[in-house]
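The chain below stands alone and is given in structure tokens; this is the form predicted on its own.
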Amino acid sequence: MRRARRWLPGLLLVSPSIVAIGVFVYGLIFWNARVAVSGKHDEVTPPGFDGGKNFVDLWDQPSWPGAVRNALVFTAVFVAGALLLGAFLAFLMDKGVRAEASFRVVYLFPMAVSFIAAGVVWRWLLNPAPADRAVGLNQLFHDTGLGSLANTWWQHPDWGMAAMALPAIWQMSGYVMALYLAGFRGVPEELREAARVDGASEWKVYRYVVFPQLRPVTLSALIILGHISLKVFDLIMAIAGKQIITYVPAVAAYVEIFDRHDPANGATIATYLLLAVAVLVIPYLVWTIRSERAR
């Protein structure tokens, strides 16, 4: 009875959250998986069991391989761009610029803007209209004599998704900067001074002393950016809408469920997205738990 008095109040306090997560997260994941393995390809057919046939048949759809390719291109450009730009901004901050607090606010502010609002603005900036009707970045290039840099942005057949990653990089690089800046400030100054005494240049101090200390920061940023990029939906819908040239799995799931009224295919795509995110998140969680136990 005495032991129950110690843990029972805490359990009662968190029990509403446990119930809500169980129903609205894991319960809906189970329901989605159930629909994905059913033959419910319209709204009137009773659900059955197809043995996972939907997961194979999906690859026969002409638009699905392109959606996967677009997601991979977007992920590679977005993650690499946000990591490099965020680390560079943190490096500049760490070197001691004036009005550092103001710069931090400026760089972090885009993160407070929703992907929908950012997408509306970037749709204008990345407008692919020709020179006589150019607006946004293309107009800026023409007015400054850099017309050769004007291009079709997200409408380019090969690199459209790379251009689509620019708004996401702009929005999340400030967050990465904050992670790296906190990491830089956490590296003991004695380590840097010891390297400088040994004759290391400033570049080598960061290359061989500072950045190796920030591997957990890089891994955390990689996981966060990776799962955001795999689920990207609202940014693409705000800029390009449901166009095949910017088709990604999240948009494909929306089209299957709400346009084609095919719950099974939509749930199958959602399951693929869940598995892709799990591939990123679960190893990170295992690594985090093992690191905490090792301390």
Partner chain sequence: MDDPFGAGPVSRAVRFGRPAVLLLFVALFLMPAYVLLVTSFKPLQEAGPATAWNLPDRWSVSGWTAAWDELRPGIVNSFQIAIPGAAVSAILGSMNGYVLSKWRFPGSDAVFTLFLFGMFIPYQAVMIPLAGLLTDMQIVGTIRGLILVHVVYGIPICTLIFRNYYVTIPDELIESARVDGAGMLRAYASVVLPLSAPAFAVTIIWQFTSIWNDFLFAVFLGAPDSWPVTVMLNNTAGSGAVAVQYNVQMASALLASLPTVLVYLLLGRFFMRGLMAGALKG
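As the structure is a prediction and not an experimental result, all values here were calculated from the model. Numbering follows the first chain given and starts at 1.
Separately, the form predicted together with the partner chain exists; it is not shown, and the next lines address it.
For the chain shown alone, S220 is a contact residue for the partner chain in the predicted complex, at least one non-hydrogen atom being within 4.5 angstroms. Contact check for D57: no non-hydrogen atom falls within 4.5 Å of the partner chain in the predicted complex. Contact between W122 and the partner chain in the predicted complex is found at the 4.5 Å heavy atom cutoff. Within 4.5 Å of some heavy atom of the partner chain in the predicted complex lies at least one heavy atom of S114. Of the candidates V73, V187, L83, L137, L137 is the one whose heavy atoms come within 4.5 Å of the partner chain in the predicted complex; the others do not. Though the partner chain is absent from this view, in the predicted complex it lies within 4.5 Å of a heavy atom of just one residue from A150, A162, I224, V209, which is I224.
Contacts between 227 to 264 and the partner chain, taken as any heavy atom within 4.5 Å in the predicted complex, involve H227, K231, F233, D234, M237, A238, A250, A253, Y254, I257, F258, P263.
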